[in-house]
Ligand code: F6P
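Only one chain is included here, represented as structure tokens and corresponding to the form predicted alone.
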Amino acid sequence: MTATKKSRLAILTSGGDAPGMNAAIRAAALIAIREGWDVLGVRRGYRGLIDGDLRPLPAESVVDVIRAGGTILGSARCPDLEERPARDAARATLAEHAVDGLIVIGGDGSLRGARAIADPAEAGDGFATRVIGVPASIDNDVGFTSASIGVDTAMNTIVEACDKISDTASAHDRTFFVEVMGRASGYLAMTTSIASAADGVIFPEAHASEEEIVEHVVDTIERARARTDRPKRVVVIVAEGAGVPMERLQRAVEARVAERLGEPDGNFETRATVLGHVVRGGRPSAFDRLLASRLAHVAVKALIAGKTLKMAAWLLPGKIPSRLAVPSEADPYCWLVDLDAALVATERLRRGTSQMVRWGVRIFEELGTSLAM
């Protein structure tokens, strides 16, 4: 009697790493193994898929990785995927390893890569691999999901750093700029400015000119100088995509303060802290571990049910037509979103034209000077 061939799942992480990716790998692998599937891990993202770098992922290799940041599978940028020969090579690898389902864990570029590989118009009827995306991006810039894996940990890292910076800023009545990651998205800057009780925030979606940004900061410093009951410290969180080089911003603010507030030249100095890749690292928070596990669970169950070109999403914001998103049968808090629709929504987020972005900008316009009270 011929043994029945086992179905096979491949898991790939791509783009910038995000805390919680390992939790998603773990959940996807363990659920698939429980369902009788073989599981392979793709090393180095799409670069590894093109090169055929796939390895078995037995249960014992993933059972303890939930605590670790980064990704045990590794990641790499792969501009080659924009070319047809590279995509053909990726599809050939999937066919060679008889992969029935591919889970892609990553952000916008990773999900676009998944869509390109599985594009029916290019892959043809002979392409048998089903593809589901799982959003993982500390920037929270993936459309049609309220949260992406890694965001919560990144926010906690920023808030902890700002709390410590605030201590020394208060001791010296000093002004600090804290630059946080986020690419073209100001989500991390906006949310952590509230959570850390920052005095000001600069984010790209506001589309403020450099002159307007300088005036905003100097106004904030002036209000702080008027305090009589507590330290005159100022902490301003700056999104890296805001478009003003930190050193130039510091010099412009220092010059304007000297001019407007009558500070002797050189008497007023600002300080800058660029958190950079510290925001990406560290052990994932409990929420990111749970979010990653639940999204991966939904993604694997969708693949087993025969779904493809979908993305697992968390608590969809707003009302979305049922043709674009349906509640997951595997988790009441998760949805299955059409991958094309998610990518369109992501592009709107990046352009600043989505309802969620406009809502965020309006909220901060309404807050006005409240942050620096």
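In case it trips you up, residue 1 is the first one in the sequence shown, and so on. Only a predicted model underlies this, so the values are computations on that prediction, with no experimental measurement involved.
Keep in mind that the form predicted together with this ligand is not shown, yet the notes after this line are about it.
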- Which pick from I138, V235, A239, V131 sits with a heavy atom within 4.5 Å of this ligand in the predicted complex? I138
- Select from the listed residues I202, M181, M155, L303 the one whose heavy atoms reach within 4.5 Å of this ligand in the predicted complex. M181
- Which of 218-226, 80-88, 245-253, 272-280 lines the interface with this ligand in the predicted complex (heavy atom within 4.5 Å): 272-280
- Query: Since the partner is left out here, which residues of 49-75 would have a heavy atom within 4.5 Å of this ligand in the predicted complex?
  - Reply: none
